[in-house]
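A single chain comes next, written as structure tokens; it is the form predicted alone.
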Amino acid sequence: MSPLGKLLVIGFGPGDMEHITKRALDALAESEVIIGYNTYVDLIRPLLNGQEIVRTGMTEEVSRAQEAVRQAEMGKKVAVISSGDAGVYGMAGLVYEVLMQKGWRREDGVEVEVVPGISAIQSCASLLGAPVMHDACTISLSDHLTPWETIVKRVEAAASADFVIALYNPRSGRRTRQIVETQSILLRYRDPQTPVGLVKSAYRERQQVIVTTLEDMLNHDIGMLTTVIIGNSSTTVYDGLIVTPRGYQRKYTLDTTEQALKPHQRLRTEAEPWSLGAQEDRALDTPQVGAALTAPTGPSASGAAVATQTRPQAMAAVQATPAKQTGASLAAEALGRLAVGGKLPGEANARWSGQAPAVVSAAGTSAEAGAGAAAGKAPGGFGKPALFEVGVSPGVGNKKFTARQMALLADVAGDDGELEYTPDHQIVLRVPCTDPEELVGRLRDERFIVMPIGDVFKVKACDFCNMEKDDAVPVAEHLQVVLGGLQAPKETSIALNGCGMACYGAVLEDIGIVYRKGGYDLFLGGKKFGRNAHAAQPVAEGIPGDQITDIVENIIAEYKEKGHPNERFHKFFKRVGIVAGFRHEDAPATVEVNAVCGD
């Protein structure tokens, strides 16, 4: 029998007796010596039964590990305790480091067992709701052992990659600036209203749980016993709880029992256009050109009738049927273009215009770019970088550019590019570029929505009275994610007003949506310019919020499938007569005006 003892490195969770595992309880019971930080020993004291206790202060971790190894080598069973999980900022790694320094080997050395526990990111997340449902990381802000420059790089990387972030050791009596600097870094990449959870002493006597925002987080008490959980771009607050969507809505309809995709279809490549396999398939199927920004076009399903009008020239309350194949096809097509924060990289090939220098636009495809595109040069042997053309905006409803965003646009444009501000609250950037993908990545990193231009669907919205009337924001953002940037027979605007005042003029656009009294009014076929300009036709009112997006998706699917090339939506609506169940009606006669500037 070996004279050596055993090391039990135990994570006992948040400190509440109900959240310690059975194995941790058994490991404590079988131990002869308990070694730990004073506070942790006090937390588990009710579980002890006469064992020898070795208590040390907070900064004496190395001595604890060395003493534990020494006593185990004397043949004792030694428990080294950590709150949370011993392998997450706990004692497990340090115990192994001490053993490694001594030349320990598993086959003939002290036996080591690491007993897992509930880490702070898990216990705090459970009190906040479900903030860590997608990719997440933990970062300790303590720079006692890690250089601050390294911590800054980690925060920058996690922020730009849209991770949910859990900050451990955010502030102490002596370390007060680190959390301030971290907030400043995060605000460069995240919306100020990003949900943030502050949990102090989770599942202990003085537990405190606060739901706040990234902008406001420093107005609350944050200390060493606080874990800070910062949401990603899709995280939301519902009834005081923080929830980060897992992404099931990409394949499932959460408000119906009948799913568009059957179980055997859900893992097929065509149902996952955002996946690596789908990207590889597209690369094999399409010509390789310099930029990758245009939204792919997939097979459009027929637009099923989803609503009816019950009386002429009147608005009908809509009772929608679930969008099945149509909605699934559009969602699959659009989600292949998703990037961090729901922005649109567009993964199909870009178009070369044949000019010199060539224009790489974010709409259309061409097989004529050839090898010149691979080298980032214009076709035809001119040897000049392509003039890359793309639309950027700070958000669907957000009309405010940050100073960093404006500085980036100025830097990117330089002396040879240009910036054009449009009535759609979008800036068109035209710049000589040999690496469009890198440029788009820089724009996205500053939280720009990056949009194809040309014959695509554009989603526009008012600023929702500076976000004071924000009930309709989720619908606007959903339409942007699913429809924004899709190729269209002709450039098409989908506009949304957040209240019945409709001051943004949504009713003049191709497709107008007005939020009013808890429902949505729908307008089709507007024409803003020209001598026969006219408002869109009101086709339905009071559409419930859980139906409006499906209805619009069906309209778009039918237009994509049946519209003629270069045919504007109002002409298409008049030609086909009925779109997704809505019947076209001739507008009243208009007064023609001979515009001085022509048509």
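Source: prediction; values computed, not measured. Numbering starts at 1 and runs along the sequence shown.
Not on display, but discussed next: the form predicted together with a small molecule.
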Contact check for G454, G525 and G563 against the small molecule in the predicted bound form, heavy atom at 4.5 Å = no
message = Only one of these stretches, 408 to 416, 165 to 173, 233 to 241, 100 to 108, has heavy atoms within 4.5 Å of the small molecule in the predicted bound form; which one is it?
response = 165 to 173
message = Please identify the residue among Q178, S119, Q71, S393 with any heavy atom within 4.5 Å of the small molecule in the predicted bound form.
response = S119
The single option of G129, P436, G90, P195 touching the small molecule in the predicted bound form, heavy atom within 4.5 Å = G90
query = Applying a 4.5 Å heavy atom distance criterion, does Q183 contact the small molecule in the predicted bound form?
reply = no
inquiry  = Taking any heavy atom pair closer than or equal to 4.5 Å as contact, tell me whether S83 reaches the small molecule in the predicted bound form.
reply    = yes
ask   = Quick one: is K200 in contact with the small molecule in the predicted bound form, heavy atoms, 4.5 Å cut-off?
value = yes
query = Does the small molecule get within 4.5 angstroms of any non-hydrogen atom of R204 in the predicted bound form?
reply = yes
